[in-house]
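First structure 1, then structure 2: two forms of the same chain, each alone, as structure tokens.
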Structure 1
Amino acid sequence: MAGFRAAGNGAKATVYDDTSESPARASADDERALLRAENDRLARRVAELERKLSLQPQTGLPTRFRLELELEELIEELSRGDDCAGFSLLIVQLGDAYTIVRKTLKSSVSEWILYQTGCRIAGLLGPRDRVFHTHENEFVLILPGTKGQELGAFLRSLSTRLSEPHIFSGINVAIKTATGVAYWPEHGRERSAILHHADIAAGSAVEARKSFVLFKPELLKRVVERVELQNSIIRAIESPALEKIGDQFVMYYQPKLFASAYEGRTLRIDRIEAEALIRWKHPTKGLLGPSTFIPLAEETGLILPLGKWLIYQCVRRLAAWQKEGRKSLALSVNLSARQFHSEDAVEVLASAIAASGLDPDKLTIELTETSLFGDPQAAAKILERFSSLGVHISVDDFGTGYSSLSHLHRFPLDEIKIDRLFIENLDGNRQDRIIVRSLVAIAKGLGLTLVAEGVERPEALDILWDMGCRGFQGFLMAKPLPPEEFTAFQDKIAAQGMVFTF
């Protein structure tokens, strides 16, 4: 353009214009080519991103992103037509065993499990069914037209197929799954509603340890109650209320009896210990057991101030018992996983012991298998620090988690407690008897004290005794008791010449 104006005459201007414009046109062409290349690059990048967003690399299955799109389309299509059969939406969650494998073994093992799970699910689907891999340990299925009995049959084959062991380079793991189901349109017409309701059903299946749960409106009510409870636990433990924590929380004590002889209905008692079990005196709901609020306290992190309070409480209580002359009485305190792994857990216990002048040899901390075996190396280090305080260490609910025998003997343990699940039906269930017998042998082999929890019936006590177990805790002996009732129980046994008759 500058050349054209400067030329002054047409012909010349044309020539001049031609020569002067060609670099300009060339640069415009270059620019267009550049733009086109950039466009293509962006389109490829978008396609690549879309592919990444659409496909889960470990399983090659469509992702949550695709699920949302396809679900929306399906709902639109079904809402327009008159196919009233609708569909079922299933959320399948892999159990704790998967998380433990992911944290403790090579990533190739967990990837293999995910891949196999995807294949196993796909193998069960009909031509109109869809499966998505939506989170690390979660799959979502859409089954058009499958409900009621037909769905029941599908769910049974799904859980059987998915719980078959995964075998990979010498490792053999079986993973339980929990599935939540919601029906479209019965349980929600909107995409978000049906996903939310299937999710609630899946949460309920996990909590109840069921392989599947169908959504029902009462489940929503329970979620609301849970949130209310969560809010009230926050109010009870948040800092302004901390000084008055003892107004709302109390400790109960359940006897653990160690016996040297058993005849008729009488146990000769060697020693009595106590396990401290927390209770919440809820302002409106009455006395609540720990299973209703400990998981909430864990989730919110409030277990840390609550746990600190209860450690001080228990240490003070034991020191007071020792001062009263109950020198032989030992006490166990439960530490939750989060509390055990918290930075100052050992310091809290050490300072509580120092402040009370307690003999630490009479204090035991109870830890669940999940606290220990999730990260065995880290757990071993913390355990050494606890152990150096002089307290004893017990593994609670033994047999339900994923103890690895190779780690068991490397931990500085003193006691294992057999979970009450194995004790409940000991006389009726052969498999439970086999497990308990091997736990007795493990404890003996490793020189550990063994306690059977949940001893409710004489039949269970008979079997446990014959197997060689000598430590018992359960309703047959006593329920968890307020402190003064616990000492009365202890005094009664002493008054009878250290025998307990039921």
Structure 2
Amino acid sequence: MAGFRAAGNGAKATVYDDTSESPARASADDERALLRAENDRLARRVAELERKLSLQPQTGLPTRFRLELELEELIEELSRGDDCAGFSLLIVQLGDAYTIVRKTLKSSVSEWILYQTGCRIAGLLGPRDRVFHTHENEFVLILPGTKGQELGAFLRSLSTRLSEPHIFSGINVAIKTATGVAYWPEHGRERSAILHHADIAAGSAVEARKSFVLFKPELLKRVVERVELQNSIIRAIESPALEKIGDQFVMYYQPKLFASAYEGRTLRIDRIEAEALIRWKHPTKGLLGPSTFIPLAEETGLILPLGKWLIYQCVRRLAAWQKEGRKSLALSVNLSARQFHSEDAVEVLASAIAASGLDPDKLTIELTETSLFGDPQAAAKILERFSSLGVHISVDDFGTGYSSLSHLHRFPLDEIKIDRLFIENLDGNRQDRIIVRSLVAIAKGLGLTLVAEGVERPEALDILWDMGCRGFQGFLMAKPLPPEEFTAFQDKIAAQGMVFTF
């Protein structure tokens, strides 16, 4: 519709068409278009973020974000219905071998292991089951209606399938797993409770070196006791108590026997050494072994002051034995991974040796395999510094990690100790015998001293001797002993003409 506006004072009339778009309306439409474009961009961004939050890039499996959402929905659904079967929640954790692979090999290898692990798990699941990749080395499974014997059969199949080697070009990697299991609703009706209890069970499986553990209330009690023990060790090693640390912590010594002949039940002993083992005289719980409190000291960082005290105690003890005339006696002291990689570990040992006047040739530093092979290049530099002090280097628990052999020749080592896991069932486990025989051959080939840990039965000693092992440590010879009992043990063997009979 056309219109006009009269113009006064002789001005011309202005004619306009009101069907045309005014500037104001055009501006509003542009703004709406911009808003729609921005909303579309934000929607795409949100969708992309949700996708990233929902799927792990290595495996393509749903993440913990999706787990919590779906678990909440499942619990609500089951709580409203009449289905009393519930579900089982499994937390599967990859073992230390995966961590070593991730640190030592190309990232493509560890990513391939994760992908293969996800595929292997998915291949065992039924149509209603779900699997989530919640952390780098952790998977969570939800199995509706699967409990009891059916679950037991599934867990055995899962353990077998996941322990199969991952084979690459020139690489063969076997990853052990530990699985914690909790039932809904028996072990908790809330999402947080069922996850927490399955996690506790998984931690128990790791500690016990079992393939899987089902949650039970006793495990929760054990966790509470662990927290209480952690608080106790903090109080025992906190600054005001450091001067009196010897009131609660004491040293025991377990003999290591090296033999040249073996007949009947008699060993002809070449030399006797000792491994220093710390004990905690807890005010209420009595004498505690290192496996009880050393992990707690690691977690709290208190392993550093405790480890420093241990080094000084061992150096002083060995120096005292040398002054008593026990010149041939050698002593091993354990360093934790955290202590080994600390900035002042070498300086602490050097200071202790200088202060005591010790002959360092009789002192051996024992390190766990994982301490060395997690970062081989850094470990090699630290080992060179220790070796320059004149001490010997031993690898404890050897054979349990991965890729150890490929790095072994790089380190200035003097001794390897075969992990007790391979010794316990040596006479009944063919695979253990194959591994131990290989380790004996490796030690001989590299000119290293070899010690078998955990020798508790004559049958194991017989097999080890036939394989060529000549160093033994375990309850068959002696348990860890207080200082006076250890020297009495040494004197008794010397008095018998360096013969040990069991």
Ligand code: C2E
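Residue numbering: structure 1 sequence, from 1. Since the structure is predicted, the reported quantities are computational estimates derived from the model, not experimental observations. In this text, rigid core is short for the largest set of C-alphas that superpose within 1.5 Å between two forms.
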Choose the one of the two that is the form predicted alone.
-> 2
Note yes or no: does the Cα of R64 move by 2 Å or more between structures 1 and 2 after the core is superposed?
-> no
Rigid core fitted, is the C-alpha displacement of E263 between structures 1 and 2 2 Å or more?
-> yes
Establish whether a shift of 2 Å or more occurs at the C-alpha of H282 between structures 1 and 2, with the two forms superposed on the rigid core.
-> no
